[in-house]
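First comes one chain, alone, set out as structure tokens in the form predicted alone.
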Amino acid sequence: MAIVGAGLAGLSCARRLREQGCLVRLFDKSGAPGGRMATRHGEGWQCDHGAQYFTVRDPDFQQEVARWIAAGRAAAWPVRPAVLGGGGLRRAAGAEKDAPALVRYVGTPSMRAAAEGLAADLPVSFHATITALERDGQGWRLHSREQGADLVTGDSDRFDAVVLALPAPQAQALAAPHSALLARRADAAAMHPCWALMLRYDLPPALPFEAAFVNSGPLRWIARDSAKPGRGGVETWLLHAESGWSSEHRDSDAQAVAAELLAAFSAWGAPAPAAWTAHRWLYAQTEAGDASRHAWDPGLRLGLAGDWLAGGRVEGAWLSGRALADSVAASCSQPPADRP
């Protein structure tokens, strides 16, 4: 079975299928697992520039996170975010003294660590950008930008099933030639871009918060990445732009984007950084309109998984991959170990 995408949904799906005896192989266009659970590294610095933290509601995901913590790949982040807006600075709802504590978790020593643990013993082909799927009577073949159709090694050059664990627009493009139903499901999902700005400082800025939601201007989220558990090196901060602003500036020059975001940050008392790096996430913010968790066509043996099918959270991505794996296994007509 082929799984396209080694983010959390794809990794969760792969591990669940492995538990049930299935043989899997993952393909990802990047050079590391995790998708938007990502960390940028530079000379003496690192910064989580995708997902900033995750929360837990589902009991199965709680057990999974407990395993990550036990392995040293995750930890609770004891932060009380501020809320910045027209009324100035205040604390986020739920941060009051008597309110139930909302536990925010992060990967350690970087957000990608949990995904790296999940991928450790899985066969993953990195730098493999899947551009098309081809289906015949013997199964599925995958074409990649880097290697054409010559992606499969071993006893078979076909996969009996394909999972698309990708952002909705990318999944839609691959599914459309084969399944109008799956393509419509992906096309109905609304995903928005997000500009991220990673800042480095010689000294920690003297600000009255280490994380903040922003309710006005181009910024949506500010965080002192250096304050997360297990971090070290140069003082780093992360700025995420608001989704509407990011959509308007989707094709803007990084210098222009940085200038506006730094000006907005300085309005809250931040000094100019010693250096910065910008990154545009083309598909980042997900509108939580679909809660079906996954989609699976047993006739075609083609499925979809991703956070966009499960509320748009890190937890949702993990649950989506797991749910799809259960549907795949339930529809298997042959012993799992006999399938590529």
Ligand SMILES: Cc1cc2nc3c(=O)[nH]c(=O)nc-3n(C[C@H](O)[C@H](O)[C@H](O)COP(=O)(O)OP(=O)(O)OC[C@H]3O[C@@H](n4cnc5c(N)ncnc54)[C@H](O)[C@@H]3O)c2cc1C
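Residue numbers run from 1 along the displayed sequence. Please read these numbers as outputs of a predicted model, since none were measured by experiment.
Only in words, not in the display: the form predicted together with the ligand, which the text now covers.
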Segment assignment from 267-275, 293-301, 66-74, 53-61: heavy atom within 4.5 Å of the ligand in the predicted bound form: 53-61
In the predicted bound form, residue 110 touching the ligand (heavy atom, 4.5 Å): no
Contact test in the predicted bound form: residue 128 vs the ligand, heavy atoms, 4.5 Å: yes
Contact label in the predicted bound form: residue 167 to the ligand, heavy atom within 4.5 Å: yes
Exercise: residue 8 in contact with the ligand in the predicted bound form, heavy atom 4.5 Å: yes
281, 284 and 313 all contacting the ligand in the predicted bound form, non-hydrogen atom within 4.5 Å: yes
Contact set, 22-46 vs the ligand in the predicted bound form - heavy atom within 4.5 angstroms: 27, 28, 29, 30, 34, 35, 36, 37
